[in-house]
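Heads up, the chain below is alone and in the form predicted alone; it's given as C-alpha cells.
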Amino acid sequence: MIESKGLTKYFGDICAVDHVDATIKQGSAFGLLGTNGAGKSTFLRMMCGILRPNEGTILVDGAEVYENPPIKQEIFYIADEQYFFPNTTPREQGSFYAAYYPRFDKKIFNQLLHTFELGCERKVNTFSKGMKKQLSVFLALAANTTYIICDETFDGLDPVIRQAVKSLMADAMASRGMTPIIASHNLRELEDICDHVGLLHKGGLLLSKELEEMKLSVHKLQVVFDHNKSEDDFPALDIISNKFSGRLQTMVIRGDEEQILQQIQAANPIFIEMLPLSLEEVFITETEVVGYEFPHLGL
C-alpha cells in the first residue's frame, strides 16, 4: 500500500503539490487525473523516491521511499520522457535493470521483445517514441516489482499495442498482485483499466474514489418540463450544472439516483431520461465546480 500524508513540494515560490493525502491499495489499478500543471508528475516522482517532499511523508508498504533502496526495488517508474543509455540495445538495457531488480525475469523480457518484434540487438536510439514506450513497459513487467508507476505511458502507442499493454498489466495484477499507478490525460484509457481514480487540481487532491462509486454519485438527466426549471425549483438537490437547448434541459446532479428521480418526477416532467456519465464527463464536472473550465475566447 502507498500512503501520502500532507505531501507538499515547492519549486521556488511555486507549490506543485499541496498537502495531498491519498491511499493506494495494493492489487488495484489507480488512475491519476489532473488538469495541466496540477502536479501529477511531481507527485509520481515523490512516490518513487526521485524527489524529496518539502513537507509531509509518502510511505510505500509502511516505509519512507526517499533514499531507501530496498523499497525502491519494489517500484518501477516509467517516465513520460523516455531515457535510455546511449548506443545501447534492448538486451543491454535488460541486463542493466536485472542488476538492480533482484526478481528481473530475462526469459519473460526476451519473450516480450520477440512477440512484439522489438529487435534485441537494434540500437534503442533508432526506435520510435512508441517503440521506446513499449520497451519501458516490457522492462517494467519483467522487473516483477510490486508497483509500476506510469506517467502518460499509453501516449504514443498505437491502438493494438495499447490494448496488448493493458492486457499484460491486467494479467500481472491477477497473477502476482501488481499495482499499477497510471497518470494520463487519456481518460478513456484509465476508464478501461483503473478501478480507483484520484483527481489533482492546482496541486491539491479534489477527490479520490472508486471509479464505480464516482460514476454512481453523479448523474446526468435530460428533461423537458412545461416551463424551464432552475436550480431554485429543486432546493433539495445538489445540481452541479443545468444547461438548456430550447425546452430540453440537461442536468448534472450529485446524489442518490432514486432520490433524484423522485424529486424530478414530482415536478411532472413531460420527458425524462437518465444518461450514463463517462469518466471524461465526471472529470469535467468536478473541475468546473472549482472554477476550471474552457475559457471563452470571443473569436
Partner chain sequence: MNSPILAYNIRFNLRKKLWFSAIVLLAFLFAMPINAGMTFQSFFATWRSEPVAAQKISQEIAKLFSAGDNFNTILIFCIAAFAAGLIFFTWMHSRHKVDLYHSLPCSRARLLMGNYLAGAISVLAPYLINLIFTLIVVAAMGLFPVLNIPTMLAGVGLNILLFLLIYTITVIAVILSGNGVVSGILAIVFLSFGPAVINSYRWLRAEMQPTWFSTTDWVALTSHSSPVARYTTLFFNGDRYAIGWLEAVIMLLLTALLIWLAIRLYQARPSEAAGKALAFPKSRAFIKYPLVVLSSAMAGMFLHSMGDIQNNSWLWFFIGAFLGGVIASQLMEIVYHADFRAVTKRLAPLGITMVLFMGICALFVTDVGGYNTYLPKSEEVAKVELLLDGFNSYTSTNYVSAGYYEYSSAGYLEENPGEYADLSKSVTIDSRIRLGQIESPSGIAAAISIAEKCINNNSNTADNSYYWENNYYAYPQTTSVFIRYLLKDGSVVTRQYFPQEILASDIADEMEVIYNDPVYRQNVYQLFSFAPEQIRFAGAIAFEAEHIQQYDNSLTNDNLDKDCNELLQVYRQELQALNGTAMREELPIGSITFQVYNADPGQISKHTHRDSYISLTYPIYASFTQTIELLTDFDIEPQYWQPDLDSITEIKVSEHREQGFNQNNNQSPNSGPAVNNSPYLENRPAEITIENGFVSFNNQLIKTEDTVTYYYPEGKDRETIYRGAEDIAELIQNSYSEYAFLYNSFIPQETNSFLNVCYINSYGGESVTVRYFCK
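In this text the structure is predicted, and so the values were computed from the model without any measurement. Residue numbers count along the first chain shown, from 1.
A second form of this protein, the form predicted together with the partner chain, is not displayed here; the remarks below concern that form.
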item: 4.5 Å heavy atom contact, E258 to the partner chain in the predicted bound form; value: no
item: Contact flag, E117 vs the partner chain in the predicted bound form, heavy atom cut 4.5 Å; value: no
item: I272, heavy atom within 4.5 angstroms of the partner chain in the predicted bound form; value: no
item: Touches the partner chain in the predicted bound form: K72 (any heavy atom, 4.5 Å); value: yes
item: Option from 233-241, 44-52, 261-269, 248-256 whose residues, in the predicted bound form, bring a heavy atom within 4.5 Å of the partner chain; value: 44-52
item: In the predicted bound form, the one of D105, E210, D192, D80 near the partner chain [non-hydrogen atom within 4.5 angstroms]; value: D80
item: Heavy atom within 4.5 Å of the partner chain in the predicted bound form - residue from S95, N110, N144, S217; value: S95
item: In the predicted bound form: members of 56-70 within 4.5 Å of the partner chain, any heavy atom; value: Y66, E67, P69
